[in-house]
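Form predicted alone, single chain, as structure tokens, below.
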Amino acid sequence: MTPEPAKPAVAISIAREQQLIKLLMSFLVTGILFMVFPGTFLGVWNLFVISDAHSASSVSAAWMQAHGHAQLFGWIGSFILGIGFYSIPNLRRVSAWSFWDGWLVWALWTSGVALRWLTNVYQWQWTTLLPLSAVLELLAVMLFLVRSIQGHRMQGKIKGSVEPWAALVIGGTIGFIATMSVNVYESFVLAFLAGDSPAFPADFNSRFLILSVWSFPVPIAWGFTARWMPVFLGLRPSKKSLILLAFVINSIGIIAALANLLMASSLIILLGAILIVIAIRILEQAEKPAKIQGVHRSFPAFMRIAYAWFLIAAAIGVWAAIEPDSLGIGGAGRHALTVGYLMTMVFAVAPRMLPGFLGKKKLFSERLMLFALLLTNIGCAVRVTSEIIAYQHYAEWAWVLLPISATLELTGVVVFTINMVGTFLEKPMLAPAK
């Protein structure tokens, strides 16, 4: 009996998918490790010290930046790179050997972020290791951008145009390149010209943080929302031209921040934030029932809560520009953006999408999904309010709330990690290819 000709092709397809899942899983595990240990644990430690001393300056700038770098780049960056590789159009049409660039990106990125964290914390040979870490990170993002553009260009030739959500992802990746390029520049300046520690100067760092967050994870989060949420939440079709306008306005706001026009920048960024929420219709009434199979039924609510935090963060940014010497207001705005918006997005979207991406049958626990989202959002609300009250010295009791907020968020992170590890260990849907 002659074998069916389709079987070899199916076996090859399964093997290719399994290789791609291994790559994605490596990025996800790396991101979770950065989130839990050098990111969240160090952040909790910093807040306990700050609370005890009643002063934000009681923790060194290098330690604060080590925590921020591990959270933003080690965690969010690793997730975005992994999901970005998995989502590249036509990647499954190439041989498994073609995934070598993905593994190279993973090695460069993980080494660079880990080296940066160690350099900021221990400051051993930092004049050599700080610029080295920055170069490794930049090389990783450049290689990812080249591969992403190739994949989307192939799709554009087939479909005739690039979808707005893909333009946002590519634009965010270009912002990623810009961020890493500025990071390389400042790292070399500190190492060889003007620095006595690996910490970026405060004035530069405030503008660098705007570039880091608003040019890279924010547009990519917009892109993923525009791509998947109309399907998952049953939203009305996105307003495509308004999506691109919001991205352009956001980019102008970032440029204004780099030119030290902080008030103009904050107002422009707020305008872009309002426009993107209108464009993707995330806060409008759904047109169809949400698809919540396999996740907790609160999934649609938390997606909308994430975008409420997003608007709050943009509004607080205007307040921070009005009072530029305030550490508490600016820090609260960044926390509303990174934890309220980005972390809620990840904690809501990951349980919905990753089981399918990883070829698993189901999410480990819907209840754990809810607990992680509740704990991190309650912790974020306590942190944002108490940081403004405490750092502005409006009330002394607010200092006590800072470590409480950190503990709530840490617990949420641990619960999310347990749920993801349990999901990773679930039985796969694909049979091993022979």
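The first residue of the shown sequence is 1; numbering continues from there. Just so you know, these numbers come straight off a predicted model, no measurement behind them.
Absent from the display: the form predicted in complex with protoporphyrin IX containing FE (HEM). The rest refers to it.
Q: Heavy atom within 4.5 Å of protoporphyrin IX containing FE (HEM) in the predicted complex: which of L373, I50, A390, L28?
A: In short, I50.
Q: Out of N250, T338, T179, S78, which one falls within 4.5 Å of protoporphyrin IX containing FE (HEM) in the predicted complex, going by heavy atoms?
A: By the 4.5 Å heavy-atom cutoff, the listed residue in contact is T338.
Q: Quick one: does T173 come within 4.5 Å of protoporphyrin IX containing FE (HEM) in the predicted complex, counting heavy atoms only?
A: Contact check for T173: no, nothing within 4.5 Å of protoporphyrin IX containing FE (HEM) in the predicted complex.
Q: How about G68: is it within 4.5 Å of protoporphyrin IX containing FE (HEM) in the predicted complex, going by heavy atoms?
A: Looking in the predicted complex, residue contacts with protoporphyrin IX containing FE (HEM) include G68, since a heavy atom lies within 4.5 Å.
Q: Given that the partner is absent here, does P230 sit within 4.5 Å of protoporphyrin IX containing FE (HEM) in the predicted complex, heavy atoms only?
A: No, no contact at 4.5 Å.
Q: Can you tell me if L72 lies within 4.5 angstroms of protoporphyrin IX containing FE (HEM) in the predicted complex, counting non-hydrogen atoms only?
A: Yes.
Q: Can you work out whether protoporphyrin IX containing FE (HEM) is within 4.5 angstroms of a heavy atom in all three of V44, N205 and E409 in the predicted complex?
A: Looking in the predicted complex, the three residues V44, N205 and E409 all sit within 4.5 Å of protoporphyrin IX containing FE (HEM) (heavy atoms).
Q: Select from 206 to 221 the residues with a non-hydrogen atom within 4.5 Å of protoporphyrin IX containing FE (HEM) in the predicted complex and write them out in sequence order.
A: Read in sequence order, the lone residue that approaches protoporphyrin IX containing FE (HEM) (within 4.5 Å, in the predicted complex) is L209.
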